[in-house]
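There is one chain below, alone, in structure tokens, taken in the form predicted on its own.
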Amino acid sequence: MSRARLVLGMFVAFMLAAPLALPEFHVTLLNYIGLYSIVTLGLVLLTGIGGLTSFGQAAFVGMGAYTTAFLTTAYGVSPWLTLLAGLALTFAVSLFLGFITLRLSGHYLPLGTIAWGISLYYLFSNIEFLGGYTGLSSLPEINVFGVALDTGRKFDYLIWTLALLALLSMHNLLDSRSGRAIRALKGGSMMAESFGVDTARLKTIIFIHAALLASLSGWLYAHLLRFVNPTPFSINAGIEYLFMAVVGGAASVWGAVVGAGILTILKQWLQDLLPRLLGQNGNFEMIVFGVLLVLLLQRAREGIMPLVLRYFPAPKKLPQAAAQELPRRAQPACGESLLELTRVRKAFGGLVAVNELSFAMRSGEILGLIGPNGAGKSTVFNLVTGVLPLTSGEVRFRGERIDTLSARAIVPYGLARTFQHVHLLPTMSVLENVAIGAHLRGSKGVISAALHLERAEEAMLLAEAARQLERVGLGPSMHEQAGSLALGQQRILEIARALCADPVLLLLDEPAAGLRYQEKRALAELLRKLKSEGMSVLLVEHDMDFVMKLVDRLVVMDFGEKLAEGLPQEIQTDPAVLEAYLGGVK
């Protein structure tokens, strides 16, 4: 048994025994830690992993609490039905708020969450049938299989059962195809979109997921106390939840429990200690929290849990050699018309980056796109792959126009790319980085992932990623963190990720940059092998020795325009090219 499983087993055993053995006060603290852990878990997903900072989660806690408080006291509805009602209401409200909030970026996003968090707090406080600032009382107890949860000791089991289920489902979600896409939202959105990930939809999904967890916690809170008023759902509470996520480890699932536990216990201790030291009551613990948070961010920016996990490393995700292979795309016949650019133009205000560029390539060839720095080569890549819209002109792929499509919509046509500047997720393994390339070759969504129902598909995706890593010579490094690889290896990793998408056309943006001589030779051999298998390659590169020995044809750009086009030996002797770019190459 691994150390991680042993610790988990000990934790579950403790939670089973704690309500029977601990004093009432400590059981109450455990209940609150469980409630806060559920809310903080949503913030781990939303903020720590998804990169979307929210200060308004306490408002969703209030939504779940007030829904059950009103329906049970005013109409006598069963608490279990009010749970469903609260989740449905939270879903609708969070969908609307997510639609208008997630369009914001930078500091405007957290400011937006503060705005609706405050608004919902005052809504709870000023609606008469919700009891105003006085609130609602005499909520009924919850019954589970005929057992009334009328004490904190009994309620503890329900809270921690739901908390552990939420933790397990979150772990399952993040350890999946959808989880890799979610982890790419923070710092890798453009790369993810280039492999078919709908980042806008994923942001909405994790926003709603976090809101539903907060609403569940609110329902539990209301029936634990059997009383609800607006105070626990203010913006201050929202800030405390964010504190818990940061302290525990904003990108760690179990960091939610660690952060909730530390702050809950520390807050209670400080509320007892500080009045004795200062001689007066007040929220002085918030000052201490602020100082401790600054110190923590200086010493352990990722929170406490990542430090602990160094001693409990996660097991390696071993691809299953016997996993069924993913279906493969039929490659076009050699010589078939593949990519055609017609009078393509791209202007950024008054700066024309690409001007009236036209060229075509056929299936089965390696076409080089060369030119001086600033000639517009990478811009052409971004136009072809939908990262940038055209100002005018047309781009056709296998006869169909693709210049009106987004990057995500172009991927299914069979285009895959690398980037001029490496776009990887450095803390993820090499294997998982490559598996992102196969995102559209899977279909299971977040619900299947959370319920652990996508294991067969996940095995196929990881096996495909492993095959592509072996194909490019990075098989021995598949379990290392991508950020630990040398730059040259990272560029090879990007090629493996692109191959994982099963493309018809491979677009490589300066793949030899940073590679040593032997690595360049290996890359050239790999590209020749891909060509022999029917793969077509559009290549941007500055290493002329590498390019001239590899490509079938060349297109030369200068100042955004096509300067020349032809065979390598023709380009090497073209006077205009020699003057503009190649200099002394003979």
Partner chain sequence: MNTEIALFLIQDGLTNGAIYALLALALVLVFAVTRVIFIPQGEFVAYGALTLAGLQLGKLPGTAWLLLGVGLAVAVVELAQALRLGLARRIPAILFKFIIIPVALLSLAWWAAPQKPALTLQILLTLVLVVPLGPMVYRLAYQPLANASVLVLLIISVAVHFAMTGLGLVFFGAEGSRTPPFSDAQWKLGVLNISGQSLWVMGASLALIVALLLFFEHTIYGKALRATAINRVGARLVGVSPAMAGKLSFTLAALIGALSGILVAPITTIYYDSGFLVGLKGFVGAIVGGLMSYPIAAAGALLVGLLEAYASFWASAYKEVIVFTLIIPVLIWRSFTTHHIEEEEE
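Positions refer to the first chain, counted from 1. Note that the structure is predicted; figures quoted are calculated from it, not measured.
As for the form predicted together with the partner chain, it is not shown, yet the points below apply to it.
In the model of the complex, does F243 come within 4.5 Å of the partner chain, counting heavy atoms only?
F243: yes, in contact with the partner chain in the model of the complex.
Is R516 near the partner chain? Define near as a heavy atom within 4.5 Å, in the model of the complex.
No - in the model of the complex, heavy atoms of R516 and the partner chain never come within 4.5 Å of each other.
S189 versus the partner chain, in the model of the complex: is there a non-hydrogen atom within 4.5 Å?
It does: once the partner chain is placed as it appears in the model of the complex, S189 has a heavy atom within 4.5 Å of it.
Quick one: is Y66 in contact with the partner chain in the model of the complex, heavy atoms, 4.5 Å cut-off?
Heavy-atom contact with the partner chain at 4.5 Å: absent for Y66.
Which listed residue (R401, R455, R301, R343) meets the criterion of a heavy atom within 4.5 Å of the partner chain in the model of the complex?
Of the listed residues, the single hit is R301.
Would you kindly say which of L507, A438, L97, A375 lies with a heavy atom within 4.5 Å of the partner chain in the model of the complex?
Among L507, A438, L97, A375, a heavy atom within 4.5 Å of the partner chain in the model of the complex occurs only for L97.
I need the one stretch from 549-557, 33-41, 534-542, 47-55 whose residues put non-hydrogen atoms within 4.5 angstroms of the partner chain in the model of the complex.
Partner-contacting stretch among the options: 47-55.
Should the three residues T101, L123 and G290 be counted as contacting the partner chain in the model of the complex, with contact defined as a heavy atom within 4.5 Å for each?
Result yes, every residue of the spot touches the partner chain.
Which of the residues spanning 111-146 lie within 4.5 Å of the partner chain in the model of the complex, based on heavy atoms?
The stretch touches the partner through L111, G112, I114, A115, I118, S119, Y122, L123, N126, I127.
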